[in-house]
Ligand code: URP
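Just the one chain here, laid out as structure tokens, in the form predicted alone.
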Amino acid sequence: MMGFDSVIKGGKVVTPDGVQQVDVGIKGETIAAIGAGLETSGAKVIDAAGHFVLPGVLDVHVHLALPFCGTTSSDDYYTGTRAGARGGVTTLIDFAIPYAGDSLNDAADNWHRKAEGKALIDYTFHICITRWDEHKDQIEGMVERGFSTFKEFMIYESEGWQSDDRALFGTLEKMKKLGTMLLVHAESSRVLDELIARHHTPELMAKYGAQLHAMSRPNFIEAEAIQRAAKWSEVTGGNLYIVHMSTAEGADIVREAQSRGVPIIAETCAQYLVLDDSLFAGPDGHLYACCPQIKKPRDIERLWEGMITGEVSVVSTDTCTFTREQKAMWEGDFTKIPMGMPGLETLLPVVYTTGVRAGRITIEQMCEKLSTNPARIMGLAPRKGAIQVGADADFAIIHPTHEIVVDHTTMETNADWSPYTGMSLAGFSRTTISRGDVIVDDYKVVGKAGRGQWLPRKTAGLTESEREAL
């Protein structure tokens, strides 16, 4: 008889084989057994009766303590990981962006220092390539160090982050060689810059305010860039991952490319499944500025469709938190809004409430998009992403109907607002378990800062058969 340290009893467990009424036995940091009537002698019993037991969520797109838009995002590894834990997130992936003159190693070291002693949950980093000629020969060394995902931006020339087609093409060649994956922020920079300049007049800013953020970013700005990146993926064979896809046109392009066997995968974010650009017309419209921006209702519906048909493989948040004071830096100029929103704490509740409870997706499909697929795609499976023997004991235990009204004053984030304020959401984690430790109990964070571990990886992306299975 195997003795367990903890046993989760009485819950509906979402496993790779579907929802099962079984117990889960935990030994040390891992799942030791799954089955009915597990022995509990000497074990801590975690009562999950009347609840779903989900695999811990992976938010694979966050920015914590990021210098950006003339300020620094206000959630760091202390508040950000506490917020994530309360929302059932047990693993996150941030972006290590080189500061001016930095090597890729320098960038990784900088982000390790941000997390050290603060992270409550497990984490790793995507390594951003911002100066191709300097960084291209450093990529293989970063893989040896334990990083398998890289990112390039098709915009942000003023920040010193932009990569051109030559860099995208060359990086994808290296991804093919190394078995790793390139993440791309896909927006068409030159046309975007032109449209911003055309709208950046005192008369238009006085008339339209924050609405100009959307007016200067029509859907073709994203669609053209996705199409171009997909072509470089096709001709090089390098694994490509489109971050924060927000448009119907983008989803159509990804679907068509996948049908031809292009190794392309796309994520969307919770905000693009719920919010639309009518919010920019309100008195607090500038708060909702993110990049790319929230779009139209028809885009929302197309992205939900993509969750079913496969072109949307992952849902993340692109968390980049700015307070009201920071957002007020715009002073009526839409080009100066710090772009980003809080989201770690509400990822699971938003997708569960507007997806599962609304009948758009099943709870199994939700767990694929929030846990299983992110882990497989980012090179963290089988350790993360699924409730199976041998995996890390990471769980989010949620009540199927218990709702909490979103109110920033009761949340862990440093933000003094939320894009979902006033929404009544089910799916907040009653109990979050990370590697066997209860870090959220009765909806309150109880885990200690600094217990989160860095997760080394060697590969990323999916095999051809895995892509077909999505």
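A residue's number is simply how far along the shown sequence it sits, counting from 1. Quick caveat: nothing in here was measured; it's all calculated off a predicted structure.
In what follows, reference is made to the form predicted together with the named molecule, a form of this protein that is not presented.
Peer 1: So, a 4.5 angstroms cut-off on heavy atom distances: do all three of 61, 156 and 291 pass it with respect to the named molecule in the predicted complex?
Peer 2: Checked in the predicted complex: all three residues contact the named molecule.
Peer 1: Since only the chain is shown here, I'm wondering whether residue 93 would be in contact with the named molecule in the predicted complex (any heavy atom pair within 4.5 Å).
Peer 2: No, residue 93 stays farther than 4.5 Å from the named molecule in the predicted complex.
Peer 1: Does any heavy atom of residue 397 come within 4.5 Å of a heavy atom of the named molecule in the predicted complex?
Peer 2: Contact check for residue 397: no, nothing within 4.5 Å of the named molecule in the predicted complex.
Peer 1: Does any part of residue 339 reach within 4.5 Å of the named molecule in the predicted complex? Heavy atoms only, please.
Peer 2: Yes, residue 339 lies within 4.5 Å of the named molecule in the predicted complex.
Peer 1: Taking heavy atoms and a 4.5 Å cut-off, does residue 126 contact the named molecule in the predicted complex?
Peer 2: The answer is no: residue 126 has no heavy atom within 4.5 Å of the named molecule.
Peer 1: Report the stretch among 275 to 283, 255 to 263, 312 to 320, 108 to 116 that approaches the named molecule in the predicted complex to within 4.5 Å, counting heavy atoms only.
Peer 2: In short, 312 to 320.
Peer 1: Could you work out which of 82, 244, 376, 135 is the residue within 4.5 angstroms of the named molecule in the predicted complex, going by heavy atoms?
Peer 2: After the contact test, the surviving option is 244.
Peer 1: Considering the named molecule in the predicted complex, which of 384, 185, 295, 86 comes within 4.5 Å of it through any heavy atom?
Peer 2: Flagged contact: 185.
Peer 1: Enumerate the residues of 6 to 27 that have a non-hydrogen atom within 4.5 Å of the named molecule in the predicted complex, in sequence order, or give none.
Peer 2: Residues within 4.5 Å: none.
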